[in-house]
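Presented as structure tokens, the chain that follows is alone, the form predicted alone.
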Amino acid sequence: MSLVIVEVNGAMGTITLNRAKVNALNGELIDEIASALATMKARNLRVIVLRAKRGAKVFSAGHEVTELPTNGRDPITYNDPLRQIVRAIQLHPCPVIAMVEGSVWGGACELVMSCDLIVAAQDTTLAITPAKLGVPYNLSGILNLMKVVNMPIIKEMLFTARPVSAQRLMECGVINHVVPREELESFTQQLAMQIVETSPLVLRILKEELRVLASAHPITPEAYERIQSLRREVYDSEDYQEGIRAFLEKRKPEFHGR
């Protein structure tokens, strides 16, 4: 069974996550999302909607934990599947709308926030959970979150790993619209159709200008190396191993800071 359902309606494409049970982002699912994006780019579609299946209780459980290394390697590198799909969405020439219902966890929050617009159901929540798993998030991932979420909220989400409601995130400017579940599809489609009616050439350059300007945050080689050293301390730690074990054993982790 395909891990994504791809539909095209005129100039609008829809990519529906279809991996049982909770759309955990493993390499195979991410490859299929990327392939769908490439196909839609070749067809010159003007807007794309990324969604879960109708009525989903979980939009995505985030990064597939069983694919994280436990042998002392960096768990989130430049070529990690999550990093690749985030770049694919950011570099895609047409706007991508995340249509979100259900809970969003971990790396799936960055997937959603990498989209150009977010429309969420009223009961949607988002939780960024690397601290709960003992996973050291990488610099580009943190920067992607900072582009979207203001500093007080991103600190709270990262430090507590607790779910935050879509309503609160809309009030903070992270989510564009929050609507009742029964109106989610019609509202998102109406928004998508408004985008279709605008100039695709202008949208392409606007999206790229916004991407380039939002990424204009220089960092010195010394600062980068220091951060990488701190991250290495984490993924070499007992806490990192404990976080993954606890997740797989469905229990609360016991972190000791070593």
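Predicted, not measured: the structure shown is a model, and the values here were computed from it. Don't overthink the numbering: it's just position in the shown sequence, from 1.
Not on display, but discussed next: the form predicted together with a small molecule.
Undergrad: E64 versus the small molecule, in the predicted bound form: is there a non-hydrogen atom within 4.5 Å?
TA: The answer is yes: E64 has a heavy atom within 4.5 Å of the small molecule.
Undergrad: So, A11 and the small molecule: in the predicted bound form, are they within 4.5 Å at any heavy atom pair?
TA: No, no contact at 4.5 Å.
Undergrad: Could you confirm whether A214 comes within 4.5 Å of the small molecule in the predicted bound form, counting heavy atoms only?
TA: Flag for A214 set to no.
Undergrad: Taking heavy atoms and a 4.5 Å cut-off, does K132 contact the small molecule in the predicted bound form?
TA: Looking in the predicted bound form, residue contacts with the small molecule include K132, since a heavy atom lies within 4.5 Å.
Undergrad: May I ask you to choose, among I76, V174, A121, A88, the residue with a heavy atom within 4.5 Å of the small molecule in the predicted bound form?
TA: Only one listed residue qualifies here, and that residue is I76.
Undergrad: Going by heavy atom distances of 4.5 angstroms or less, which of R54, R43, K57, R226 would be at the interface with the small molecule in the predicted bound form?
TA: Exactly one listed residue reaches within 4.5 Å, namely K57.
Undergrad: Please identify, from 103-111, 183-191, 90-98, 149-157, the stretch that has a heavy atom within 4.5 Å of the small molecule in the predicted bound form.
TA: Partner-contacting stretch among the options: 103-111.
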